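In the C-alpha coordinates that follow, a single protein chain appears in two forms: structure 1, then structure 2.
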Structure 1
(Lines of atoms letter the chains of each structure in order from A and count residues from 1; the text may use other names and numbers.)
(Lines give C-alpha, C1' and ligand atoms only; values in the text may rest on other atoms or scores of the structure.)
Protein backbone atom coordinates (compact mmCIF):
# COMPACT_ATOMS: atom_id res chain seq x y z
CA UNK A 1 0.00 0.00 0.00
CA UNK A 2 1.50 3.37 -1.02
CA UNK A 3 2.08 6.18 1.44
CA UNK A 4 -0.76 8.67 1.80
CA UNK A 5 1.70 11.41 0.86
CA UNK A 6 5.24 11.13 -0.47
CA UNK A 7 7.16 14.30 -1.39
CA UNK A 8 10.35 14.39 -3.45
CA UNK A 9 12.54 17.47 -3.73
CA UNK A 10 9.60 19.89 -3.67
CA UNK A 11 10.62 23.53 -4.24
CA UNK A 12 8.68 26.80 -4.41
CA UNK A 13 10.20 30.23 -5.04
CA UNK A 14 8.75 33.72 -4.89
CA UNK A 15 11.16 35.83 -6.94
CA UNK A 16 14.45 35.54 -5.03
CA UNK A 17 12.84 34.07 -1.91
CA UNK A 18 12.96 30.25 -1.68
CA UNK A 19 9.90 29.45 0.43
CA UNK A 20 10.28 25.65 0.16
CA UNK A 21 13.67 24.24 -0.68
CA UNK A 22 13.85 20.67 -2.01
CA UNK A 23 11.99 18.92 0.78
CA UNK A 24 11.42 15.16 1.04
CA UNK A 25 8.63 13.95 3.28
CA UNK A 26 6.49 10.83 3.85
CA UNK A 27 3.16 10.39 5.61
CA UNK A 28 1.84 6.85 6.08
CA UNK A 29 -1.78 5.81 6.51
CA UNK A 30 -2.93 6.35 10.11
CA UNK A 31 -0.19 8.86 10.94
CA UNK A 32 -0.83 12.01 12.90
CA UNK A 33 2.03 13.93 11.33
CA UNK A 34 3.16 16.99 13.28
CA UNK A 35 4.64 19.53 10.88
CA UNK A 36 6.82 21.70 13.11
CA UNK A 37 8.47 25.00 12.29
CA UNK A 38 8.76 28.65 13.23
CA UNK A 39 6.57 31.27 11.58
CA UNK A 40 7.72 31.73 7.98
CA UNK A 41 9.50 28.36 7.87
CA UNK A 42 7.46 27.14 4.87
CA UNK A 43 4.76 25.03 6.56
CA UNK A 44 1.78 26.76 4.97
CA UNK A 45 3.49 26.90 1.57
CA UNK A 46 3.90 23.11 1.62
CA UNK A 47 0.23 22.70 2.54
CA UNK A 48 -0.83 25.04 -0.26
CA UNK A 49 1.27 23.02 -2.71
CA UNK A 50 -0.31 19.74 -1.61
CA UNK A 51 -3.85 21.10 -1.84
CA UNK A 52 -3.27 22.66 -5.27
CA UNK A 53 -3.68 26.28 -4.21
CA UNK A 54 -0.24 26.98 -5.69
CA UNK A 55 2.10 24.99 -7.94
CA UNK A 56 5.71 23.90 -7.36
CA UNK A 57 8.68 25.21 -9.35
CA UNK A 58 10.36 21.81 -9.18
CA UNK A 59 10.08 18.47 -7.46
CA UNK A 60 7.00 16.30 -7.19
CA UNK A 61 4.74 14.43 -4.81
CA UNK A 62 2.38 11.47 -4.83
CA UNK A 63 -0.96 11.72 -3.06
CA UNK A 64 -2.56 8.30 -2.52
CA UNK A 65 -0.21 7.08 -5.24
CA UNK A 66 -1.21 9.75 -7.79
CA UNK A 67 1.61 11.93 -9.14
CA UNK A 68 0.88 15.65 -8.82
CA UNK A 69 1.83 16.08 -12.50
CA UNK A 70 -0.70 13.49 -13.67
CA UNK A 71 -4.36 13.74 -14.55
CA UNK A 72 -5.24 11.62 -11.52
CA UNK A 73 -4.23 14.23 -8.95
CA UNK A 74 -7.70 15.84 -8.90
CA UNK A 75 -9.32 12.56 -7.94
CA UNK A 76 -6.69 12.02 -5.25
CA UNK A 77 -7.31 15.50 -3.83
CA UNK A 78 -11.01 14.65 -3.48
CA UNK A 79 -9.88 12.24 -0.74
CA UNK A 80 -8.45 15.02 1.44
CA UNK A 81 -9.99 17.74 3.58
CA UNK A 82 -8.17 20.87 4.64
CA UNK A 83 -8.45 23.89 6.89
CA UNK A 84 -5.70 26.21 5.65
CA UNK A 85 -4.86 29.28 7.76
CA UNK A 86 -8.36 30.41 8.91
CA UNK A 87 -11.56 28.31 8.44
CA UNK A 88 -13.60 29.36 5.40
CA UNK A 89 -16.93 29.85 7.14
CA UNK A 90 -19.82 32.25 6.57
CA UNK A 91 -20.01 34.45 9.66
CA UNK A 92 -23.64 35.46 9.02
CA UNK A 93 -24.82 31.84 8.98
CA UNK A 94 -25.47 29.24 11.66
CA UNK A 95 -23.33 26.11 11.96
CA UNK A 96 -26.04 24.04 10.27
CA UNK A 97 -26.46 26.49 7.40
CA UNK A 98 -22.70 26.67 6.88
CA UNK A 99 -22.60 22.91 6.47
CA UNK A 100 -25.71 22.90 4.31
CA UNK A 101 -24.07 25.39 1.95
CA UNK A 102 -20.87 23.34 1.85
CA UNK A 103 -22.92 20.19 1.22
CA UNK A 104 -24.55 21.82 -1.81
CA UNK A 105 -21.08 22.69 -3.19
CA UNK A 106 -20.02 19.05 -2.75
CA UNK A 107 -23.25 17.72 -4.25
CA UNK A 108 -24.38 16.16 -0.96
CA UNK A 109 -28.10 16.19 -0.16
CA UNK A 110 -28.31 14.54 3.24
CA UNK A 111 -29.24 16.60 6.31
CA UNK A 112 -28.64 13.62 8.58
CA UNK A 113 -24.98 13.70 7.54
CA UNK A 114 -24.77 17.36 8.52
CA UNK A 115 -26.14 16.54 11.98
CA UNK A 116 -23.75 13.59 12.26
CA UNK A 117 -20.71 15.75 11.40
CA UNK A 118 -21.80 18.45 13.86
CA UNK A 119 -21.99 15.74 16.51
CA UNK A 120 -18.54 14.45 15.54
CA UNK A 121 -16.96 17.85 16.24
CA UNK A 122 -18.98 18.54 19.39
CA UNK A 123 -21.30 21.20 17.94
CA UNK A 124 -24.52 19.21 18.26
CA UNK A 125 -25.76 21.67 20.91
CA UNK A 126 -25.93 24.47 18.33
CA UNK A 127 -27.15 22.32 15.41
CA UNK A 128 -30.73 23.52 15.79
CA UNK A 129 -29.91 27.12 16.68
CA UNK A 130 -29.82 30.15 14.42
CA UNK A 131 -26.84 31.58 16.30
CA UNK A 132 -24.47 33.01 13.70
CA UNK A 133 -20.87 31.86 13.49
CA UNK A 134 -19.85 35.46 14.20
CA UNK A 135 -20.96 34.82 17.78
CA UNK A 136 -18.97 31.60 18.14
CA UNK A 137 -15.79 31.35 20.17
CA UNK A 138 -12.57 30.84 18.22
CA UNK A 139 -12.52 27.19 19.23
CA UNK A 140 -16.08 26.67 17.98
CA UNK A 141 -15.13 28.26 14.64
CA UNK A 142 -12.14 25.94 14.36
CA UNK A 143 -14.39 22.93 15.01
CA UNK A 144 -16.91 24.21 12.46
CA UNK A 145 -14.11 24.55 9.90
CA UNK A 146 -13.09 20.95 10.61
CA UNK A 147 -16.74 19.86 10.29
CA UNK A 148 -16.88 21.43 6.82
CA UNK A 149 -13.71 19.57 5.87
CA UNK A 150 -15.21 16.30 7.15
CA UNK A 151 -18.29 16.48 4.92
CA UNK A 152 -16.41 14.88 2.03
CA UNK A 153 -15.34 11.90 4.19
CA UNK A 154 -11.61 12.64 3.83
CA UNK A 155 -8.96 10.01 4.36
CA UNK A 156 -6.34 12.72 4.95
CA UNK A 157 -7.19 15.84 6.96
CA UNK A 158 -4.79 18.78 6.74
CA UNK A 159 -4.96 21.35 9.55
CA UNK A 160 -2.86 24.50 9.40
CA UNK A 161 -2.15 25.83 12.92
CA UNK A 162 -5.48 24.53 14.32
CA UNK A 163 -4.63 25.51 17.91
CA UNK A 164 -3.32 29.00 17.17
CA UNK A 165 -4.99 31.61 19.38
CA UNK A 166 -7.16 29.14 21.29
CA UNK A 167 -7.63 29.25 25.05
CA UNK A 168 -6.65 26.13 27.06
CA UNK A 169 -10.17 24.66 26.89
CA UNK A 170 -10.26 25.16 23.12
CA UNK A 171 -6.86 23.51 22.70
CA UNK A 172 -7.98 20.46 24.70
CA UNK A 173 -11.18 20.25 22.61
CA UNK A 174 -9.29 20.28 19.28
CA UNK A 175 -6.72 17.79 20.59
CA UNK A 176 -9.42 15.35 21.70
CA UNK A 177 -11.22 15.76 18.38
CA UNK A 178 -8.06 14.90 16.41
CA UNK A 179 -7.44 11.78 18.48
CA UNK A 180 -11.09 10.72 18.18
CA UNK A 181 -11.18 11.09 14.39
CA UNK A 182 -7.87 9.26 14.01
CA UNK A 183 -8.88 6.43 16.33
CA UNK A 184 -12.55 5.97 15.37
CA UNK A 185 -12.55 6.93 11.68
CA UNK A 186 -8.97 6.08 10.76
CA UNK A 187 -8.29 9.55 9.38
CA UNK A 188 -4.65 10.41 8.68
CA UNK A 189 -3.60 13.90 9.76
CA UNK A 190 -1.07 16.48 8.65
CA UNK A 191 -1.02 19.18 11.34
CA UNK A 192 1.21 22.23 11.13
CA UNK A 193 1.95 23.99 14.39
CA UNK A 194 4.57 25.82 16.41
CA UNK A 195 2.94 24.80 19.73
CA UNK A 196 5.29 21.90 20.35
CA UNK A 197 3.93 20.87 23.73
CA UNK A 198 0.48 20.29 22.22
CA UNK A 199 1.73 18.43 19.16
CA UNK A 200 3.63 16.06 21.43
CA UNK A 201 0.29 14.92 22.92
CA UNK A 202 -1.16 13.78 19.58
CA UNK A 203 1.52 13.28 16.92
CA UNK A 204 2.85 9.86 15.92
CA UNK A 205 5.49 11.33 13.62
CA UNK A 206 7.14 14.72 13.14
CA UNK A 207 8.67 16.70 10.32
CA UNK A 208 10.82 19.63 11.45
CA UNK A 209 11.12 22.43 8.88
CA UNK A 210 13.22 25.60 9.06
CA UNK A 211 13.89 28.24 6.41
CA UNK A 212 12.14 26.14 3.78
CA UNK A 213 14.19 22.98 4.41
CA UNK A 214 12.95 19.82 6.09
CA UNK A 215 15.66 19.31 8.70
CA UNK A 216 14.48 16.04 10.20
CA UNK A 217 11.71 13.43 10.25
CA UNK A 218 11.32 11.50 13.48
CA UNK A 219 8.72 9.16 14.96
CA UNK A 220 7.09 9.85 18.32
CA UNK A 221 8.93 6.85 19.78
CA UNK A 222 12.28 8.13 18.52
CA UNK A 223 11.52 11.58 19.88
CA UNK A 224 10.60 10.10 23.25
CA UNK A 225 13.96 8.34 23.35
CA UNK A 226 15.78 11.55 22.37
CA UNK A 227 14.02 13.52 25.11
CA UNK A 228 13.86 10.79 27.74
CA UNK A 229 15.41 11.27 31.16
CA UNK A 230 18.98 10.01 31.20
CA UNK A 231 21.22 9.15 34.14
CA UNK A 232 24.97 9.06 33.55
CA UNK A 233 26.98 7.14 36.15
CA UNK A 234 30.77 7.01 36.04
CA UNK A 235 33.15 4.79 37.95
CA UNK A 236 36.83 3.90 38.16
CA UNK A 237 35.73 0.37 37.15
CA UNK A 238 33.35 1.04 34.22
CA UNK A 239 33.22 -2.60 33.05
CA UNK A 240 32.08 -3.92 36.40
CA UNK A 241 29.65 -1.00 36.74
CA UNK A 242 28.14 -1.76 33.33
CA UNK A 243 27.67 -5.45 34.16
CA UNK A 244 26.02 -4.62 37.49
CA UNK A 245 23.64 -2.05 35.98
CA UNK A 246 22.78 -4.39 33.09
CA UNK A 247 21.68 -7.13 35.49
CA UNK A 248 19.89 -4.77 37.90
CA UNK A 249 17.48 -2.79 35.68
CA UNK A 250 15.54 -3.36 32.41
CA UNK A 251 16.30 0.08 30.96
CA UNK A 252 17.97 0.78 27.64
CA UNK A 253 21.67 1.41 28.27
CA UNK A 254 24.52 3.14 26.47
CA UNK A 255 28.09 2.44 27.49
CA UNK A 256 30.68 5.20 27.86
CA UNK A 257 34.43 5.13 28.43
CA UNK A 258 34.02 5.60 32.18
CA UNK A 259 30.57 4.26 32.93
CA UNK A 260 27.03 3.85 31.67
CA UNK A 261 24.13 6.04 30.50
CA UNK A 262 20.65 4.87 31.56
CA UNK A 263 17.74 5.85 29.29
CA UNK A 264 14.40 6.51 30.99
CA UNK A 265 13.13 6.64 34.55
CA UNK A 266 14.71 4.26 37.03
CA UNK A 267 14.72 3.65 40.79
CA UNK A 268 18.14 5.02 41.74
CA UNK A 269 17.89 3.89 45.36
CA UNK A 270 17.69 0.20 44.44
CA UNK A 271 20.28 0.60 41.68
CA UNK A 272 22.78 2.37 43.92
CA UNK A 273 22.30 -0.30 46.58
CA UNK A 274 23.20 -2.95 44.00
CA UNK A 275 26.26 -0.99 42.86
CA UNK A 276 27.50 -0.41 46.40
CA UNK A 277 26.98 -4.08 47.30
CA UNK A 278 29.46 -4.91 44.52
CA UNK A 279 32.01 -2.54 46.08
CA UNK A 280 32.02 -0.36 42.97
CA UNK A 281 33.27 3.17 43.53
CA UNK A 282 31.02 5.81 41.99
CA UNK A 283 32.78 8.91 40.70
CA UNK A 284 29.75 10.91 39.55
CA UNK A 285 26.01 10.76 38.83
CA UNK A 286 24.39 13.22 36.40
CA UNK A 287 20.67 13.31 35.56
CA UNK A 288 19.32 15.12 32.52
CA UNK A 289 16.01 15.51 30.69
CA UNK A 290 15.53 17.23 27.31
CA UNK A 291 12.24 18.97 26.51
CA UNK A 292 10.69 18.82 23.03
CA UNK A 293 11.41 22.54 22.70
CA UNK A 294 15.08 22.05 23.56
CA UNK A 295 15.36 19.17 21.11
CA UNK A 296 13.67 21.20 18.37
CA UNK A 297 16.03 24.13 18.92
CA UNK A 298 19.04 21.83 18.83
CA UNK A 299 17.86 20.40 15.50
CA UNK A 300 17.32 23.76 13.81
CA UNK A 301 20.50 25.22 15.28
CA UNK A 302 19.18 27.45 18.05
CA UNK A 303 16.76 30.34 18.38
CA UNK A 304 15.95 32.01 15.06
Structure 2
Protein backbone atom coordinates (compact mmCIF):
# COMPACT_ATOMS: atom_id res chain seq x y z
CA UNK A 1 0.00 0.00 0.00
CA UNK A 2 1.41 3.44 -0.90
CA UNK A 3 1.97 5.89 1.94
CA UNK A 4 -0.61 8.61 2.43
CA UNK A 5 1.54 10.29 5.04
CA UNK A 6 5.18 9.76 5.78
CA UNK A 7 6.83 11.77 8.58
CA UNK A 8 10.61 12.03 8.99
CA UNK A 9 12.19 13.43 12.14
CA UNK A 10 9.55 16.12 12.67
CA UNK A 11 10.38 18.48 15.55
CA UNK A 12 8.48 21.44 16.96
CA UNK A 13 9.65 23.62 19.81
CA UNK A 14 7.77 26.31 21.72
CA UNK A 15 10.58 28.45 23.13
CA UNK A 16 12.50 25.92 25.30
CA UNK A 17 9.71 23.34 25.41
CA UNK A 18 10.09 20.57 22.82
CA UNK A 19 6.48 19.66 21.95
CA UNK A 20 7.35 17.13 19.22
CA UNK A 21 10.77 15.53 19.16
CA UNK A 22 12.01 13.90 15.95
CA UNK A 23 8.88 11.91 15.13
CA UNK A 24 8.87 9.29 12.34
CA UNK A 25 5.50 7.92 11.29
CA UNK A 26 3.86 6.19 8.32
CA UNK A 27 0.20 6.00 7.39
CA UNK A 28 -0.76 3.80 4.46
CA UNK A 29 -3.85 4.10 2.30
CA UNK A 30 -6.86 2.52 3.98
CA UNK A 31 -5.38 2.65 7.48
CA UNK A 32 -7.35 3.78 10.48
CA UNK A 33 -4.39 5.08 12.41
CA UNK A 34 -4.99 5.41 16.12
CA UNK A 35 -2.75 8.09 17.54
CA UNK A 36 -2.49 7.40 21.23
CA UNK A 37 -0.94 9.47 23.96
CA UNK A 38 -1.58 11.14 27.27
CA UNK A 39 -2.71 14.79 27.47
CA UNK A 40 0.11 17.07 26.37
CA UNK A 41 2.06 14.24 24.73
CA UNK A 42 2.22 16.08 21.38
CA UNK A 43 -0.68 14.49 19.43
CA UNK A 44 -2.38 17.76 18.53
CA UNK A 45 0.95 19.42 17.72
CA UNK A 46 1.71 16.66 15.18
CA UNK A 47 -1.76 17.13 13.67
CA UNK A 48 -1.28 20.91 13.49
CA UNK A 49 2.04 20.36 11.75
CA UNK A 50 0.50 18.03 9.16
CA UNK A 51 -2.43 20.35 8.49
CA UNK A 52 -0.14 23.37 8.04
CA UNK A 53 -1.46 25.34 11.00
CA UNK A 54 2.03 25.50 12.51
CA UNK A 55 5.50 25.11 11.07
CA UNK A 56 8.14 22.53 12.05
CA UNK A 57 11.52 23.57 13.43
CA UNK A 58 13.15 20.60 11.73
CA UNK A 59 12.24 17.41 9.90
CA UNK A 60 9.77 17.01 7.08
CA UNK A 61 6.77 15.00 5.91
CA UNK A 62 5.26 13.85 2.66
CA UNK A 63 1.53 14.07 2.18
CA UNK A 64 0.32 12.08 -0.85
CA UNK A 65 3.91 12.21 -2.06
CA UNK A 66 4.19 16.01 -1.78
CA UNK A 67 6.99 17.30 0.45
CA UNK A 68 5.78 19.82 3.04
CA UNK A 69 8.52 22.27 1.95
CA UNK A 70 7.49 22.11 -1.71
CA UNK A 71 5.02 24.29 -3.57
CA UNK A 72 2.51 21.52 -4.20
CA UNK A 73 1.79 20.83 -0.51
CA UNK A 74 -1.34 23.04 -0.81
CA UNK A 75 -2.74 20.79 -3.51
CA UNK A 76 -1.99 17.72 -1.38
CA UNK A 77 -3.69 19.36 1.60
CA UNK A 78 -6.84 19.88 -0.44
CA UNK A 79 -7.14 16.06 -0.35
CA UNK A 80 -7.46 16.00 3.43
CA UNK A 81 -10.21 16.94 5.87
CA UNK A 82 -9.58 17.65 9.52
CA UNK A 83 -11.14 18.52 12.83
CA UNK A 84 -8.34 19.88 14.99
CA UNK A 85 -9.05 20.08 18.71
CA UNK A 86 -12.35 22.00 18.57
CA UNK A 87 -14.63 22.05 15.51
CA UNK A 88 -13.87 25.04 13.27
CA UNK A 89 -17.38 26.39 12.76
CA UNK A 90 -19.03 29.82 12.62
CA UNK A 91 -21.06 30.03 15.82
CA UNK A 92 -23.28 32.76 14.36
CA UNK A 93 -24.41 30.59 11.45
CA UNK A 94 -26.70 27.60 11.05
CA UNK A 95 -25.33 24.16 10.15
CA UNK A 96 -26.39 24.63 6.52
CA UNK A 97 -24.82 28.11 6.30
CA UNK A 98 -21.59 26.82 7.81
CA UNK A 99 -21.40 24.13 5.14
CA UNK A 100 -22.42 26.59 2.41
CA UNK A 101 -19.51 28.86 3.42
CA UNK A 102 -17.11 25.90 3.43
CA UNK A 103 -18.48 24.92 -0.02
CA UNK A 104 -17.45 28.35 -1.31
CA UNK A 105 -13.89 27.80 -0.06
CA UNK A 106 -13.78 24.37 -1.69
CA UNK A 107 -15.46 25.56 -4.89
CA UNK A 108 -18.44 23.23 -4.51
CA UNK A 109 -21.72 24.49 -5.98
CA UNK A 110 -23.85 21.41 -5.38
CA UNK A 111 -26.25 21.94 -2.45
CA UNK A 112 -27.20 18.26 -2.41
CA UNK A 113 -23.63 17.56 -1.27
CA UNK A 114 -24.31 19.64 1.85
CA UNK A 115 -27.47 17.67 2.63
CA UNK A 116 -25.60 14.43 2.01
CA UNK A 117 -22.80 15.18 4.54
CA UNK A 118 -25.35 16.43 7.08
CA UNK A 119 -27.11 13.12 6.70
CA UNK A 120 -23.80 11.22 7.00
CA UNK A 121 -23.14 12.74 10.43
CA UNK A 122 -26.74 12.44 11.58
CA UNK A 123 -27.57 16.14 11.44
CA UNK A 124 -30.23 15.89 8.72
CA UNK A 125 -32.83 17.12 11.25
CA UNK A 126 -31.16 20.55 11.51
CA UNK A 127 -30.45 20.97 7.78
CA UNK A 128 -33.47 23.22 7.28
CA UNK A 129 -33.24 24.97 10.65
CA UNK A 130 -32.01 28.52 11.24
CA UNK A 131 -30.67 27.55 14.69
CA UNK A 132 -27.16 28.92 15.11
CA UNK A 133 -24.25 26.62 15.94
CA UNK A 134 -23.82 28.55 19.22
CA UNK A 135 -27.05 26.87 20.37
CA UNK A 136 -25.84 23.37 19.42
CA UNK A 137 -24.76 20.81 22.00
CA UNK A 138 -21.06 19.88 22.09
CA UNK A 139 -21.85 16.63 20.30
CA UNK A 140 -23.74 18.42 17.52
CA UNK A 141 -20.85 20.84 17.04
CA UNK A 142 -18.47 17.89 16.84
CA UNK A 143 -20.63 16.29 14.15
CA UNK A 144 -20.89 19.56 12.25
CA UNK A 145 -17.09 19.85 12.39
CA UNK A 146 -16.81 16.37 10.90
CA UNK A 147 -19.40 17.28 8.23
CA UNK A 148 -17.26 20.32 7.30
CA UNK A 149 -14.21 18.07 7.05
CA UNK A 150 -16.11 15.56 4.91
CA UNK A 151 -17.44 18.14 2.45
CA UNK A 152 -14.44 18.07 0.14
CA UNK A 153 -14.49 14.26 -0.24
CA UNK A 154 -11.18 13.86 1.60
CA UNK A 155 -8.92 10.87 1.07
CA UNK A 156 -7.39 11.36 4.51
CA UNK A 157 -9.55 12.44 7.42
CA UNK A 158 -7.77 13.68 10.53
CA UNK A 159 -9.86 13.68 13.68
CA UNK A 160 -8.38 15.07 16.88
CA UNK A 161 -10.17 13.57 19.88
CA UNK A 162 -13.43 13.06 17.95
CA UNK A 163 -15.22 11.37 20.86
CA UNK A 164 -14.76 14.38 23.18
CA UNK A 165 -18.07 15.65 24.48
CA UNK A 166 -20.15 12.95 22.83
CA UNK A 167 -22.76 10.91 24.68
CA UNK A 168 -22.62 7.09 24.38
CA UNK A 169 -25.03 7.08 21.43
CA UNK A 170 -22.96 9.78 19.75
CA UNK A 171 -19.77 7.80 20.28
CA UNK A 172 -21.34 4.74 18.68
CA UNK A 173 -22.61 6.73 15.69
CA UNK A 174 -19.23 8.40 15.09
CA UNK A 175 -17.51 5.02 15.39
CA UNK A 176 -19.92 3.51 12.87
CA UNK A 177 -19.43 6.50 10.57
CA UNK A 178 -15.64 6.06 10.67
CA UNK A 179 -15.91 2.37 9.85
CA UNK A 180 -18.45 3.02 7.09
CA UNK A 181 -16.37 5.74 5.44
CA UNK A 182 -13.25 3.60 5.66
CA UNK A 183 -14.98 0.52 4.25
CA UNK A 184 -17.21 2.11 1.60
CA UNK A 185 -15.21 5.13 0.45
CA UNK A 186 -11.72 3.91 1.32
CA UNK A 187 -11.01 7.01 3.42
CA UNK A 188 -7.80 6.78 5.44
CA UNK A 189 -8.08 8.02 9.03
CA UNK A 190 -5.72 9.52 11.54
CA UNK A 191 -7.56 9.59 14.85
CA UNK A 192 -5.99 10.92 18.00
CA UNK A 193 -7.45 9.85 21.29
CA UNK A 194 -6.68 8.92 24.84
CA UNK A 195 -9.80 6.75 25.10
CA UNK A 196 -7.99 3.51 24.26
CA UNK A 197 -11.00 1.21 24.55
CA UNK A 198 -12.85 3.28 21.95
CA UNK A 199 -9.90 3.52 19.61
CA UNK A 200 -9.30 -0.24 19.78
CA UNK A 201 -12.73 -0.79 18.19
CA UNK A 202 -11.79 0.97 14.97
CA UNK A 203 -8.01 1.31 14.56
CA UNK A 204 -6.00 -0.91 12.24
CA UNK A 205 -2.68 0.59 13.25
CA UNK A 206 -1.46 2.50 16.29
CA UNK A 207 1.16 5.08 17.02
CA UNK A 208 1.95 5.59 20.68
CA UNK A 209 3.35 9.01 21.55
CA UNK A 210 4.66 10.19 24.88
CA UNK A 211 6.46 13.39 25.83
CA UNK A 212 6.78 14.37 22.19
CA UNK A 213 8.36 11.12 21.05
CA UNK A 214 6.74 8.33 19.05
CA UNK A 215 7.58 5.29 21.13
CA UNK A 216 5.92 2.57 19.13
CA UNK A 217 4.07 1.93 15.88
CA UNK A 218 2.14 -1.31 15.92
CA UNK A 219 -0.57 -2.90 13.77
CA UNK A 220 -3.87 -3.95 15.31
CA UNK A 221 -2.92 -7.58 14.65
CA UNK A 222 0.40 -7.21 16.43
CA UNK A 223 -1.32 -5.46 19.30
CA UNK A 224 -3.88 -8.23 19.48
CA UNK A 225 -1.08 -10.74 19.84
CA UNK A 226 0.62 -8.59 22.48
CA UNK A 227 -2.58 -8.24 24.43
CA UNK A 228 -3.88 -11.77 23.90
CA UNK A 229 -4.34 -14.30 26.67
CA UNK A 230 -1.04 -16.07 27.34
CA UNK A 231 -0.44 -19.34 29.16
CA UNK A 232 3.02 -20.01 30.50
CA UNK A 233 3.80 -23.66 31.28
CA UNK A 234 7.11 -24.59 32.85
CA UNK A 235 8.61 -28.05 33.19
CA UNK A 236 11.87 -29.78 34.17
CA UNK A 237 12.05 -31.00 30.56
CA UNK A 238 11.29 -27.86 28.51
CA UNK A 239 12.40 -29.35 25.17
CA UNK A 240 10.01 -32.34 25.37
CA UNK A 241 7.27 -30.01 26.65
CA UNK A 242 7.76 -27.68 23.67
CA UNK A 243 7.56 -30.55 21.17
CA UNK A 244 4.40 -31.95 22.76
CA UNK A 245 2.67 -28.54 22.86
CA UNK A 246 3.71 -27.78 19.28
CA UNK A 247 2.09 -31.03 18.05
CA UNK A 248 -1.05 -30.63 20.19
CA UNK A 249 -2.26 -27.06 19.46
CA UNK A 250 -2.12 -24.64 16.50
CA UNK A 251 -1.38 -21.51 18.62
CA UNK A 252 1.61 -19.23 18.23
CA UNK A 253 4.29 -20.25 20.72
CA UNK A 254 7.24 -18.59 22.39
CA UNK A 255 9.91 -20.75 23.96
CA UNK A 256 11.39 -19.87 27.33
CA UNK A 257 14.31 -21.38 29.27
CA UNK A 258 12.04 -23.54 31.40
CA UNK A 259 8.99 -24.03 29.23
CA UNK A 260 6.69 -22.57 26.64
CA UNK A 261 4.43 -19.52 26.30
CA UNK A 262 1.17 -20.13 24.44
CA UNK A 263 -0.39 -17.05 22.82
CA UNK A 264 -4.16 -16.93 22.48
CA UNK A 265 -7.04 -19.04 23.73
CA UNK A 266 -6.52 -22.79 24.02
CA UNK A 267 -8.26 -25.85 25.49
CA UNK A 268 -6.12 -26.53 28.53
CA UNK A 269 -7.85 -29.87 29.36
CA UNK A 270 -6.80 -31.50 26.10
CA UNK A 271 -3.33 -29.96 26.24
CA UNK A 272 -2.67 -31.07 29.82
CA UNK A 273 -3.89 -34.61 29.00
CA UNK A 274 -1.40 -34.75 26.13
CA UNK A 275 1.46 -33.48 28.35
CA UNK A 276 0.66 -35.95 31.14
CA UNK A 277 0.40 -38.84 28.69
CA UNK A 278 4.00 -37.98 27.61
CA UNK A 279 5.08 -38.24 31.27
CA UNK A 280 6.26 -34.65 31.38
CA UNK A 281 6.40 -33.17 34.87
CA UNK A 282 4.69 -29.75 35.02
CA UNK A 283 6.30 -27.30 37.46
CA UNK A 284 3.87 -24.39 37.02
CA UNK A 285 1.03 -23.03 34.88
CA UNK A 286 0.41 -19.27 34.65
CA UNK A 287 -2.50 -17.72 32.73
CA UNK A 288 -2.29 -14.00 31.82
CA UNK A 289 -4.36 -11.45 29.92
CA UNK A 290 -3.00 -7.98 29.03
CA UNK A 291 -5.43 -5.16 28.23
CA UNK A 292 -4.63 -2.40 25.72
CA UNK A 293 -4.40 -0.04 28.68
CA UNK A 294 -1.85 -2.32 30.41
CA UNK A 295 0.12 -2.63 27.20
CA UNK A 296 0.04 1.15 26.64
CA UNK A 297 1.17 1.83 30.21
CA UNK A 298 3.95 -0.72 29.90
CA UNK A 299 5.12 0.95 26.69
CA UNK A 300 5.03 4.57 27.91
CA UNK A 301 6.47 3.52 31.25
CA UNK A 302 9.85 3.19 29.59
CA UNK A 303 10.03 6.82 28.53
CA UNK A 304 12.14 9.21 30.55
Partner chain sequence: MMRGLLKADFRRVMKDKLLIVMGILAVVFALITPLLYALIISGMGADEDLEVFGVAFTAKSMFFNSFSLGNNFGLILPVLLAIVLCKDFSFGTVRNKIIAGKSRSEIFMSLFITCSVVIVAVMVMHAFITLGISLCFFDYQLTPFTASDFWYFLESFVLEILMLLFVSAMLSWLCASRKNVGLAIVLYVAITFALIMIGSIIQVAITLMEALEGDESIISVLHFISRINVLNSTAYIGTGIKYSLEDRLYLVIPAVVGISGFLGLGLLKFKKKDLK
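Numbering follows the first chain given and starts at 1. Here the structure is a predicted model, which means the values were calculated and not measured. Take the two forms, find the largest set of C-alpha atoms that superpose within 1.5 Å, and that set is the rigid core.
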item: Selected structure - the one that is the form predicted alone; value: 1
item: CA superposition split between structures 1 and 2, residue 142 and residue 291 in same rigid part; value: no
item: Rigid-part reorientation between structures 1 and 2, C-alpha based, degrees; value: 13
item: For residue 93, CA displacement between structures 1 and 2 after the core is overlaid, in Å; value: 4.3
